[in-house]
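Encoded as structure tokens, the following chain is the form predicted on its own, with no partner shown.
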Amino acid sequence: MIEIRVKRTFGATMIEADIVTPAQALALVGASGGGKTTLLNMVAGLETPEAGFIAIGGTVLFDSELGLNLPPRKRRIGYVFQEPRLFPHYTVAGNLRYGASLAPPGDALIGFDELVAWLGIRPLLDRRPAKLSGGEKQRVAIGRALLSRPRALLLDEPLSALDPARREDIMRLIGELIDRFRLPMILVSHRLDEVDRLAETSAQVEPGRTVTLAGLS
């Protein structure tokens, strides 16, 4: 279950959401500047709603009435950005192990070696991010997020900077991730093919309008 019922002003715009869905994979769609990333950041705890309620999988992350606002680390949200944001001074292995260090002890979603094999990144382990292609960086970013044993995954236009071949590769990988790990996922995208292929339901985000579900597919 994904529940996002929040209000927040950013710039001259008020964003208001009323999203409650049993879907595992939710897409936020709409034009740039509408507030999609702001909604993701509120789920992750990087921005605070003025009022509302956020829960993922039955765990309450924010409740303004109760004065509850879990800090980002305690929310256990894996966040994959449009730009992968890997640590440039770490190798690929170092970035992955940082993600693993955030997981609760004894509660791994997937082992390090198994993940490396699944992502096909063993030849990259000793490289630094500057030596990786865009698709390779996104694979590492997804792997780092999974090793943190997240409660949910947030994907903020993770395919927009990739060429068609790499985009197809990462889209296939995300589809496998959804099927294999059954984690709640919120995807920001402006491409209908991504939404149709990866999400069960979608919510249209437009400035000045309440964000509601478009319906279950």
Partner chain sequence: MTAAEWTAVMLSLRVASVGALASLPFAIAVAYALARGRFYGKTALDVIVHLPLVMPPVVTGWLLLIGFGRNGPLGEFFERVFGLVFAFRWTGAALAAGVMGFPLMVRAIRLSLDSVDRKLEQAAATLGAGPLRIFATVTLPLAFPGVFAGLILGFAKAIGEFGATITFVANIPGQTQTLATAIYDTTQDPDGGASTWRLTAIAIAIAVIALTASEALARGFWGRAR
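Nothing here was measured: the structure is a model prediction, and the numbers come from that model. Numbering follows the first chain given and starts at 1.
Although not depicted, the form predicted in complex with its partner chain is the subject of the following passage.
Undergrad: According to a 4.5 angstroms non-hydrogen atom cut-off, is L102 in contact with its partner chain in the predicted bound form?
TA: Output for L102 is yes: heavy atoms within 4.5 Å of its partner chain.
Undergrad: Please check if I178 has a heavy atom lying within 4.5 Å of any heavy atom of its partner chain in the predicted bound form.
TA: Looking in the predicted bound form, residue contacts with its partner chain do not include I178, since no heavy atom lies within 4.5 Å.
Undergrad: Taking heavy atoms and a 4.5 Å cut-off, does E83 contact its partner chain in the predicted bound form?
TA: Yes, contact at 4.5 Å.
Undergrad: When the contact criterion is heavy atoms within 4.5 Å, does L46 count as touching its partner chain in the predicted bound form?
TA: It does: once its partner chain is placed as it appears in the predicted bound form, L46 has a heavy atom within 4.5 Å of it.
Undergrad: Look at the candidate spot formed by R73, Y90 and Y98 and say whether its partner chain comes within 4.5 Å of a heavy atom in all three of them in the predicted bound form.
TA: Heavy-atom distance to its partner chain in the predicted bound form: all three under 4.5 Å.
Undergrad: Which residues, if any, of 118-141 lie within 4.5 Å of its partner chain in the predicted bound form when only heavy atoms count?
TA: Residues within 4.5 Å: R128, A130, K131.
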